[in-house]
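The chain below stands alone and is given as structure tokens, in the form predicted alone.
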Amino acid sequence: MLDILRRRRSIRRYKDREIEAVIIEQLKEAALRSPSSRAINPWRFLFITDKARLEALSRAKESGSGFLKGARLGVVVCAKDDESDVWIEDCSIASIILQLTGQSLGLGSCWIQIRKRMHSDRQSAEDYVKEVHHLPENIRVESMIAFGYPDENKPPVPKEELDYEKIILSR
């Protein structure tokens, strides 16, 4: 697992290569195995491979989502907010589980924050995504994850560059 964490980087350029159905099924299983507070599982996952929909979603934010149009898979991570008071945490955990699973399967990925971000000066990114997918009011969107076979190479951050001052050892 530590090796996967070392190699995982935010990848924003993808090869024009379809992701095999068996890999998408493994990502779906990983999402559904994500931990959830009190096993409520408020999350929902929209798996999108349609290029037109990916392009529409790439416009969710003024910046920071455009690379989704080059991905071969986008996953919208959302939840029914009336099912759990910690839906944000549950969706965040599921988002990183998806990214780490993708890394283990040879995919590159990048998290796209949606909740509390703006699409335009009049519409939130969340409302835009909900509009594109005709999602009901009680569905809240936390993030989107772009997936594809990497078309860029980012080396791991060297261990010596990690900020160990952020670790506090209490004895």
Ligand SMILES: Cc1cc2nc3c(=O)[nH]c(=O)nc-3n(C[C@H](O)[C@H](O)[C@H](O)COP(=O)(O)O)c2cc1C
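Keep in mind that this is a model prediction, so the values were computed, not measured. Residue indices: 1-based, along the sequence shown.
One more form of this protein, predicted together with this ligand, exists but is not displayed; see below.
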Q) Tell me which of 38-46, 108-116, 128-136, 25-33 has residues with heavy atoms within 4.5 angstroms of this ligand in the model of the complex? A) 108-116
Q. Are all three of 69, 72 and 149 close to this ligand in the model of the complex, meaning a heavy atom of each within 4.5 Å?
A. no
Q: Using a 4.5 Å heavy atom cut-off, state whether residue 61 contacts this ligand in the model of the complex.
A: yes
Q.
I'd like to know if residue 15 sits close to this ligand in the model of the complex, meaning any non-hydrogen atom pair within 4.5 angstroms.
A. no
Q) Judged by heavy atom distances of 4.5 Å or less, which residues of 1-29 approach this ligand in the model of the complex? A) 8, 9, 10, 12
